[in-house]
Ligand SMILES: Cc1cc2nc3c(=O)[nH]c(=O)nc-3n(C[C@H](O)[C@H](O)[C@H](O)COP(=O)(O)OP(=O)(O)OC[C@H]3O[C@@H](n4cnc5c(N)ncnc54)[C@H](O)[C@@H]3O)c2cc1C
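Given as structure tokens, the chain that follows is alone and in the form predicted alone.
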């Protein structure tokens, strides 16, 4: 960073992890993200794409096991360090890796060895919750956004009990991260039990070599183009009944817990994105000359850069505090996670916008990486729940606390 590091209390292990991830982000993630950004959505996931090599390198680093043998506090701190630095490297790849672990993480939560073996951490998975007719309202359990004259409508994906199996039918939307490449899904959908009762359920669903699973073409997006997203169709897909990990009674709490973790991860990732945008602008301002001197000597640029700096450090600090709290407490705070996600993503967008302004005309050229970061940051205020709806959900959590 072009200014003094404030992480003065890192242990020797944390410093080693940070340096390893920094090197990976600098030498692998950022160059790969810039290359993938220029490809079509189909080319990003083609067999010869560098995406697969980068994913293999990420798995081989063993970052998911970096905290083994450490205390919960040490594990939480390392998780924050890794997430921020991966986001600093490339947010699209960071989200691809994060979403890829959803089925494995849920399998681990069950403690069942058969599910842990069936859904391993080194395979790419997805979180299949968003639907064509149901986006952020999938997390709006208090009907904040249901119009007085409207209703939620029919679910797009339903799992129905049939003996010792569940039969899944329907569609998940074009915004499922890793949707067209995932080997498995953590599926959140409507549930109809054999007794006719209806509610929600969470399932672990294999997506390869399974009859009835159809993946659509990848979604073409303005940003985070290194992140594959796409629709998944379920045509009477049958899975064992014991692949259900949560039923109606647990569905709301399970969804909120998952959203808490996802929003915490988004907060650290985009604190890293904001930091990347600031660093690029700071370095460019020292090189670019206008009025006979580098623009960093102009008062307006100094003021803009310092405003960016304080926003970045505020986002980093808030994200770190929330992630540590939610990792170490038996009852994680969803409102805190939401506040961190909203603050970091809004900060990333604002700082990237200011950074692009400092670059001037060069900023809108694809020759420089700042326009990519600007596009990547813009998407973050919509994914994992758009910030407006998340604010309402977060407030409900504060009232209920």
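Nothing here was measured: the structure is a model prediction, and the numbers come from that model. Positions refer to the first chain, counted from 1.
Unshown form predicted together with the ligand; subsequent notes refer to it.
- Contact with the ligand in the model of the complex, defined as any heavy atom within 4.5 Å, is confined among 109-117, 278-286, 294-302, 170-178 to 170-178.
- Between the options 182, 322, 273, 128, the residue in contact with the ligand in the model of the complex by a heavy atom within 4.5 angstroms is 128.
- Just one of 327, 105, 136, 256 comes within 4.5 Å of the ligand in the model of the complex, counting any heavy atom, and that one is 136.
- Taking the partner from elsewhere, residue 145 is found to have a heavy atom lying within 4.5 Å of the ligand in the model of the complex.
- The ligand is not shown here, and in the model of the complex it never comes within 4.5 Å of any heavy atom of residue 19.
- Shown alone here, residue 15 lies farther than 4.5 Å from the ligand in the model of the complex, counting heavy atoms only.
- Proximity of residue 226 to the ligand in the model of the complex: non-hydrogen atoms within 4.5 Å are absent; the residue sits far from the partner.
- Although the ligand is not shown here, in the model of the complex the stretch 364-401 places heavy atoms of 379, 382, 383, 384, 385, 386, 388, 389 within 4.5 Å of it, in sequence order.
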